[in-house]
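As structure tokens, the next two blocks hold two forms of the same chain, structure 1 and structure 2.
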Structure 1
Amino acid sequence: MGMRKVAIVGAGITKFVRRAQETGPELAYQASKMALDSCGLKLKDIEMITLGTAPDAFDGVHMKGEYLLGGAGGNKKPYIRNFVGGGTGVFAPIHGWMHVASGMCDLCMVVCEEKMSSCHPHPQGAFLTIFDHTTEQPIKPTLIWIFALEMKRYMETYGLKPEDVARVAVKNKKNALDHPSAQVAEELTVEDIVNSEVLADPVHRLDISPASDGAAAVILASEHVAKRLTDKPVWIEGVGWNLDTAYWATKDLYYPRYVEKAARMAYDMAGIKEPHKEIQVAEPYDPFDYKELHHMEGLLLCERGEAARLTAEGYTARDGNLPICPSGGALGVGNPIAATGLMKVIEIFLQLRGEAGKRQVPGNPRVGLAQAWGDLMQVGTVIVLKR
């Protein structure tokens, strides 16, 4: 039996908020119910659940897969949790795709959840323990200042100024004004971004997405079921993933080679030869503003070192030649880690169906991409969708 075609047929997403009153299982339930309702299905129709949620430290709950099982609809069904740090939100639908494409099931629900506000004092307390105990832990790093090293290396390689990077945050926070789930949407200037307080030079507070609580879900269907459920299926045409070394101290941080490897895998599968021409709308992962630029280059959507100039020229605006993060991204909608990546997949799903409302990009797009990135600058996950 060959590989079967798989479509996304329904999607749901909660509001992303700073401190949700709902528990993690309740957030997962809300997103799941919205996804089922969107395509007229009941939980009993779903044969299998795949759950994406980043490491337990983000929620401060041990054995989070078991904890979320009921809310995600996994009772008495095949159910499995996957996580690759921040890359989880795009890996989860890839994981679900495998089950449907292989013939294991016809309907799989993918649920992603994160409730970061309940972890005290901060997830960073757990992350202090993940670094190499000999070469890295004595420096007492935090995630923010590791990313500050990467941001600085990227900026110095191409001679970028803080203003060049800040334009991404301005664009995405403004785009998010039109997203119903948005947490930190606002109209800001480049000056607002570069004048916000320094957290670890060159990272300023407004260069970063917020800590968030939220959940998202999509329904995946095999071809014959998808055609019965909707006349607008969005097909998963290519998937890719890649894992690089965990040693951030021993690689050149100016370029995310693991994102390129994941992208090439997805493009080969989707038959895409010239991504910068063939991809019509993209949602790369943007937990920091420089990461959108970094990831555009890793995804081969432009030449290395070109992303900042293209952003300044309006090329990546919602009405530009290649709209990047028309949703508002993590910077504007919010960043409940695993749910963020799936929010991006859902944005491409809606854009390709022409259902993104005020966020809809012009030109009737047919091919889009979502990407997420995780762990210690080492995981790339990419999905290519076509209408």
Structure 2
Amino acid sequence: MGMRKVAIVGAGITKFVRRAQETGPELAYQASKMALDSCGLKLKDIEMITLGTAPDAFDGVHMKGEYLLGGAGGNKKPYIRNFVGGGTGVFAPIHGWMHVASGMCDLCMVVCEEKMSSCHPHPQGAFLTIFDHTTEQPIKPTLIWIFALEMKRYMETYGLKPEDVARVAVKNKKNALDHPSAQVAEELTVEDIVNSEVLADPVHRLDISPASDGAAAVILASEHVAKRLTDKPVWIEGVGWNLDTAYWATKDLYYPRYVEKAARMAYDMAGIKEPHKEIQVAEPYDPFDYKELHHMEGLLLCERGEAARLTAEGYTARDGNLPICPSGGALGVGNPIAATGLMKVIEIFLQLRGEAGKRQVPGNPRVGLAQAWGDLMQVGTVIVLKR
């Protein structure tokens, strides 16, 4: 396709917390600085920057891209914000990939930030305005409702019980005990999850990731620069993204077709024909526990309706055949929306380099995938990495 190879060569991440003492720009700075230091670069070496951050309504700052500019190292540089709701964190490195693959630059920094704690009484309130202002907002919906509606439809289609879904939360919260950024890592039982407070049945409180503040950053390099900077570049081999209709109630919610389309786009580019065999470690987006199952199916990592059984059998555990969310995911590490997606990309980067420490999955994986999802159940963003 006439595109250049692009590698991830460095990464940085903050702790994910409920109420960060740091401001948004300070969060972005901490992650960016760590990413630069990790591969021995200075800000002056970076030619272009792309920033991912979710709705302005969380921070309460309009033009959040401009607000975060200094913290993301963007002063007087070609800098742009990208945004596809919850899909932003994986779209941001795809956007950075475009900068380098096109030949526009050799070094691009990708920064993702979210500070949800500024919004009161709860950042959920900021989601009201993502619904159609005339046909839906008067009913006073919340995102928790539409997750509950989708979860119910998914569970009903395959005859799943709450316990089948809760195993994902148990696994991810436990995996997160080994992640230094983790906000809600905990060893819990399936009973703890299903007996936690009902928010909108079938969704219970522990089925959901928390609201978080945090930031993450990666450095992307062209092939010749990457090889000078590191012995272990991790290549971006496939990228895909796709959006479905904003009339979310007019499509069947049991299966995310747009995620499949995004995945097929990335697999075609990466030359992957049998994803369930070729992908060795994956970080699908897990803002709710059922979403991990939903996304495993949409990503073609298993047959439709099989993800819950595979989870129960330990297939998706860190030492299973296909480790899913070895980081601890949004459910365990936390969910500062855009930063979460990039945290997942960083996890695959570390896993493929064999540098994930206690979280390292066995078998020296060579191929991994990260995915994010969002908007009104509309967008899938997928990145395939290889070493």
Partner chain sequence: MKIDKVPVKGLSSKEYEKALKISWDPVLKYNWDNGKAIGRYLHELKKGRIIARVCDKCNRIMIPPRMFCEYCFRPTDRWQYVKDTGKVNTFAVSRVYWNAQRIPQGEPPIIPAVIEIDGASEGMGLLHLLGNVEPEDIKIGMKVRAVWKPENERTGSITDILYFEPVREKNPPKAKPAAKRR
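What you see is a predicted model, and the numbers here were worked out from it, not measured in a lab. All residue numbers here refer to structure 1's sequence, counted from 1. Take the two forms, find the largest set of C-alpha atoms that superpose within 1.5 Å, and that set is the rigid core.
Q: Out of structure 1 and structure 2, where do we see the form predicted together with the partner chain?
A: Structure 2, which is the form predicted together with the partner chain, differs in this respect from structure 1.
Q: Residue 137: after superposing the rigid core, is there a C-alpha shift of 2 Å or more between structures 1 and 2?
A: The answer is yes; the displacement is at least 2 Å.
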